[in-house]
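The same protein chain appears twice below, in two forms, each given on its own as structure tokens and labelled structure 1 and structure 2.
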Structure 1
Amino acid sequence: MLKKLFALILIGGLGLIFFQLYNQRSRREGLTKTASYYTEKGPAETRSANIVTSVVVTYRGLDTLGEVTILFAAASIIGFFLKRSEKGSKDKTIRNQSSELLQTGSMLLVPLIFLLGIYVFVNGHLSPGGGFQGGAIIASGTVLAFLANPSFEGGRTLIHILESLSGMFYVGIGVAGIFLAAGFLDNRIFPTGNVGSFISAGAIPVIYSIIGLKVGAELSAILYSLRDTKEQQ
């Protein structure tokens, strides 16, 4: 009880800090200097219709690379951690198979889900959405496959190859920016085209696709690792 009281007091204290934070915030009418730059110069420089995408993939591309890295690290950790501790028990857990209907239905749906994911990330520079959203949609396809068929094994190797290759390509494109354009992750290594057209914004769609694949692969890899965990009785 005392603990809860303390928790309340602490949250009250935090509330005070937040309130001060709220009070202090600047109530601006227009955009900040940085945001103005992005909105004014962004479409012209990157030729990406989606300004957020231009920020995410180009101006703040290093953030995104970092974020992919985090996902990668998380997947790796979960991978080696779960795998290693399972090493002792070779016997496969016997899982109940789900119904034929469900399995077949899901097999039908999964490619469609994947397709949707791909659509979302290749259009990232034009519309809301992008690599992460697309990747997450792809991973949801994997979830569906697992739910429908707990012993689903397809694409395991593909995932690992995708995981590595997409990452390497991402870095490679970034480095290419140094040589072919003005800096790391500069999108102007490819022709930039016109704002709004599908083939535009230089490397942005490529990078976003790679990110989409990468995220999809990482999340799927995590799902694989979790699926492989032995149940505790």
Structure 2
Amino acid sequence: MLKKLFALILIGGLGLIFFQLYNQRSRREGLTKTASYYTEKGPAETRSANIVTSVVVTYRGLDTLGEVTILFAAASIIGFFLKRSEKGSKDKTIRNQSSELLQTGSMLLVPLIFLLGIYVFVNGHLSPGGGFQGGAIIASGTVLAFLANPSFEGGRTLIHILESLSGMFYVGIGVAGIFLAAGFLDNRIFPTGNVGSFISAGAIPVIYSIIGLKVGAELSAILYSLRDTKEQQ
């Protein structure tokens, strides 16, 4: 009885706090100074039709680098703690076979899912999407491959190679911006082209493609680790 009463008091207190915050909110009319700069100067400076992309990849590129680093650290920690032991690698777990319908469907869908993920991050400077979204789509294709074939091992080495190389290229392009343009991750190290065309926005499509490959590889590596650990239980 006391636990329920305490829970009700806690919920009521939290509700009161949020209600007061809601009443004290102020509606902002118009954009802030920083947001106004992005919307007014962004297309001319970066030649990117997607303002969000220009902010994420160039203006606040260091923040994006930090996010990718956190994801890399998370994948490394998960891989370390869920690493398959030598005994586990020798004693193969019997894996249940999936249905023929799922196996056949995955042969068609997995390549299309990967293609969609690539399309999303390659066109991130033109339309909604980008590296994180495209990488997540690619990882969902890995999930489907596991569901269709629990013994699926293809691409494990390629994933580790892409994960390492994409991080190196990301930092390399950022440093190139210091010497060839106006600062770290400045997209003008490549020709910026015209707003709205596929070959535009300078290095932004390249950076977003690198981010997409890195995110997709890291999420897929996490899925491999989780799958291997599940088999040992």
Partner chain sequence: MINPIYIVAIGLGTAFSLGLLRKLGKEFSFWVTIFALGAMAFISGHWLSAFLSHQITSTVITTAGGKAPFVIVFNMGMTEALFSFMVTMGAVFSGFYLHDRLIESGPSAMAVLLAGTMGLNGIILTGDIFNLFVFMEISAIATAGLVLLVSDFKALQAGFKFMLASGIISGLLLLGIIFLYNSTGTLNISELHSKAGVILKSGGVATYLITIALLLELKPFPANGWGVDLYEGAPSGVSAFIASSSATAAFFVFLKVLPLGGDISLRIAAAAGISTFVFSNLMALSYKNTSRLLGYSSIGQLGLLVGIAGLSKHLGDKTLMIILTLLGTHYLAKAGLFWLSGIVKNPNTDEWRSLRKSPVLFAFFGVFIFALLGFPPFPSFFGKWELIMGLVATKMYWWAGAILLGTMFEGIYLFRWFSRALKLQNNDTATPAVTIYSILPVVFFGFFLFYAGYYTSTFVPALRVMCLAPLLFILLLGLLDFLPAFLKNIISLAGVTAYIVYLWPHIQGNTFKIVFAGIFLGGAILALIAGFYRRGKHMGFYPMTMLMFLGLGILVDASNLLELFYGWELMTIGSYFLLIRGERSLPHGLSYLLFSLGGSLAMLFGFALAHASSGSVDLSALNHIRIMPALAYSLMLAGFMTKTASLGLHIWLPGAHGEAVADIHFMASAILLKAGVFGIILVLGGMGNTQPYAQKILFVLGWIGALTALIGNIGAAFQESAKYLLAWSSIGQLGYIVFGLASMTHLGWLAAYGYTITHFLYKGILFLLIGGVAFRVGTADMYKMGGLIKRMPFSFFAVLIAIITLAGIPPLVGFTGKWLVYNMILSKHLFYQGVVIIISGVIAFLYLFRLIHVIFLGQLKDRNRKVKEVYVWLLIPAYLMLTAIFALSMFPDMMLARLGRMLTPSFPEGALVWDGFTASSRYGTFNLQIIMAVIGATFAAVFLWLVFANRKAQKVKQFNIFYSGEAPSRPELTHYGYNFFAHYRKAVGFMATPLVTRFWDQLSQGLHGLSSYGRAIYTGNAQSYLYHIVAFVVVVYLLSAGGIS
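In this text the structure is predicted, and so the values were computed from the model without any measurement. Here the rigid core means the biggest group of C-alpha atoms that line up within 1.5 Å when the two forms are laid on top of each other. Numbering for residues begins at 1 and runs along the sequence of structure 1.
A.B. asks: Between the two chains shown, which is the form predicted alone?
C.D. replies: Answer to the question: structure 2 is the form predicted alone, whereas structure 1 comes from elsewhere.
A.B. asks: If the core is used for the superposition, what shift in Å does the C-alpha of residue 26 show between structure 1 and structure 2?
C.D. replies: Looking at the C-alpha of residue 26 between structure 1 and structure 2, the offset is 3.9 Å.
A.B. asks: Given the rigid core as reference frame, how large is the C-alpha shift of residue 6 between structure 1 and structure 2? Answer in angstrom.
C.D. replies: Residue 6 is displaced by 4.3 Å at its C-alpha.
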